[in-house]
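Listed next as structure tokens is one chain, alone, in the form predicted on its own.
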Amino acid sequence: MLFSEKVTEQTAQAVSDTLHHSIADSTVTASAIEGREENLFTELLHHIHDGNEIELPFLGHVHLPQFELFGIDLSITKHVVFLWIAALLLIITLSIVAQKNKKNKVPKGFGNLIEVFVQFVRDEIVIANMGKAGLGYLPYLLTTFFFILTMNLLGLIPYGASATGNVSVTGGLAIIAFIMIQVSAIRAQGLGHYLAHLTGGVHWSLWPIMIPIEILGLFTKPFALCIRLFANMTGGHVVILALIGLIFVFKSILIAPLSVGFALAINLLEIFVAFLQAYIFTMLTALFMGLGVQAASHGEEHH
């Protein structure tokens, strides 16, 4: 009896010591892996990672100014810088193109390329979804298309950053789209018909149920625009990270050519995705705006 108790105590002590050493070893390993993953993310996800510093060629990491106003953090971040760069590029480039296209009856060179995009947005997006009444909103939709496209492409160049990979940026674009969707509907239908549309045309007793549902539906459309653009522009970089990470997972240089080859293919695919997401965001915004405009035309036909 005493012998069995001693054996049990010794076994329990041995198990306890083993668990203690295992936990200590796993903690060291986890910390080492955590440090390695942090470096990997820093190197490969710098295009979508926001921060208070920006990396420049030959200058390294440059810290951006930080300041607060009334307790609100208004510090300039990397994505804010690339928002400004995208806006500045569009203002300068499109202003020059517009002046050249006015002088030349037939656009040439880069001006011809821009003209192709303008005609595509006008004919295949605006008129196709909103009709001729949508031409008044063409400047806004063109600005949306070129602005998103420029930000997407800036994230693919060295030292660049994908501002559209920041949900705050896509959220801002979605808020503007939400305002334009409601403004176009109110202008086409009138405020009275627009508010009546929130009732869904049902009996007044069902209004307490229908009105909240209709109001919620107004916000789900721009929310879907926000998340779709953010997820697609972030997903490509995450896939590239996963492919490059295979080299570290297998711990073999033999897997490197395959990983780098697939990563290069995904990077080329992201060029197509940059154009596609700019088109989808603009097209869906025009579609949602067109629903309000067409509702007014249908109402006039019934009258």
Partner chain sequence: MIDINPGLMIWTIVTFVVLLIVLKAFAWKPLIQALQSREKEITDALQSAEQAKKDAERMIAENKLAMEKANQETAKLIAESRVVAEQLKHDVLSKANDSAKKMLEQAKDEIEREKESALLQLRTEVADLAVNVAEKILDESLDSPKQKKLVDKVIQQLPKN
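Heads up, when I say rigid core I mean the largest set of C-alphas that superpose within 1.5 Å between the two forms. Residue numbers count along the first chain shown, from 1. Just so we're clear, the structure is a prediction, and the values are computed from it rather than from any experiment.
Below, we refer to the form predicted together with the partner chain, which is not included among the displayed structures.
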> the partner chain isn't shown here, but in the model of the complex which of Ile76, Ala133, Ala128, Leu218 has a heavy atom within 4.5 Å of it?
Replying inline: Ile76
>> Please tell me which of Leu149, Leu225, Ile114, Ile181 lies within 4.5 Å of the partner chain in the model of the complex, judged by heavy atoms.
In response: Ile114
> Can you pick the stretch from 102 to 110, 188 to 196, 210 to 218, 152 to 160 whose heavy atoms fall within 4.5 Å of the partner chain in the model of the complex?
Replying inline: 102 to 110
> Looking at the partner chain in the model of the complex, do all three of Ala242, Leu269 and Phe272 come within 4.5 Å of it through at least one heavy atom?
Replying inline: no
> Are any of the heavy atoms in Ala98 no more than 4.5 Å from a heavy atom of the partner chain in the model of the complex?
Replying inline: yes
> Would Pro139 show up as a contact with the partner chain in the model of the complex if we use heavy atoms at 4.5 Å?
Replying inline: yes
> Does Thr144 reach the partner chain in the model of the complex, with heavy atoms at most 4.5 Å apart?
Replying inline: yes
>> So, Asn232 and the partner chain: in the model of the complex, are they within 4.5 Å at any heavy atom pair?
In response: no
> So which residues in 83 to 97, when you check the partner chain in the model of the complex, have a heavy atom no farther than 4.5 Å from it?
Replying inline: Leu83, Trp84, Ala87, Leu90, Ile91, Leu94, Ser95, Val97
> After fitting the rigid core, is the C-alpha of Leu241 off by 2 Å or more between the shown form and the other one?
Replying inline: yes
